[in-house]
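One chain comes next, on its own, written out as structure tokens in the form predicted alone.
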Amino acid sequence: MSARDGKSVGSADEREAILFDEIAQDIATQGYSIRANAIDARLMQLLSEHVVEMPSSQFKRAGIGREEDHTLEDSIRGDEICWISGECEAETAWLGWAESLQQYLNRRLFLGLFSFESHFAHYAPGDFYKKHQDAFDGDANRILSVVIYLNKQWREEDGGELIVYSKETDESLAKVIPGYGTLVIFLSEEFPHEVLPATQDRYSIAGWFRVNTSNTARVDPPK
């Protein structure tokens, strides 16, 4: 059995290194990466159990825009979210995984990723999120978008797919079934996307790696 850095091939660290390398290659060549069964089984178990055990009162209706521009628009999105702050084992483990990916991508792709923010998302049956972008040209804040799906035994007929579009041609590039452990990462400015309605409760984490846009009048990232 071969080894790298003293760790046997097939170990959790080795699998993670391979995953990060595949993500980096995908981002460099096509701008997005879709990986099934991407996350370590222990972390997935922690996250999936935590999200379904959370009191419904912790989830709030999601809106569009930030701070003074934040509004609720039922015609655009209908999901509920809960921001991840690292206050329990599952959240701490997730943020640790994201930090490791951030460090790897900065070393490999020189993206200058500075911070990470993420939230749990719950789409009740029939909820959707119309086509949108996570960042716009020149905003220089959100650089990479990350989605991980927490839905066990999800069937294709349950719906709830993520559709990723080309910004240039508006054609559909990928239709992602929100199955357990599927990871999607893409350049935030480059890929409009939407979430189709599902027939079952749909759980995920959505997150964004950001660059630092702080100045003398404003500290970034805002909360």
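Everything numeric here is computed off the predicted structure, so don't read it as measured data. From 1 onward, residues are counted along the sequence shown.
One more form of this protein should be noted, the form predicted in complex with a small molecule, which is absent from this view; the next part is about it.
Candidate spot 19, 42 and 97, all three touching the small molecule in the model of the complex (heavy atom, 4.5 Å): Not one of the three qualifies.
Contact label in the model of the complex: residue 129 to the small molecule, heavy atom within 4.5 Å: Residue-level check for residue 129: yes, a contact with the small molecule.
Can residue 24 be called a contact residue for the small molecule in the model of the complex at 4.5 Å between heavy atoms? Contact check for residue 24: no, nothing within 4.5 Å of the small molecule in the model of the complex.
If we define contact as a non-hydrogen atom of the residue within 4.5 angstroms of the partner, is residue 210 a contact of the small molecule in the model of the complex? Taking the distances in the model of the complex, the answer for residue 210 is no, it never comes within 4.5 Å of the small molecule.
Please determine whether residue 91 contacts the small molecule in the model of the complex, using a 4.5 Å cut-off between heavy atoms. Judged by the heavy-atom cut-off of 4.5 Å, residue 91 is well away from the small molecule in the model of the complex.
In the model of the complex, which of the stretches 193-201, 29-37, 43-51, 166-174 has residues with heavy atoms within 4.5 Å of the small molecule? It is the stretch 193-201.
Tell me, out of 82, 111, 76, 147, which residue has a non-hydrogen atom within 4.5 angstroms of the small molecule in the model of the complex. Exactly one listed residue reaches within 4.5 Å, namely 147.
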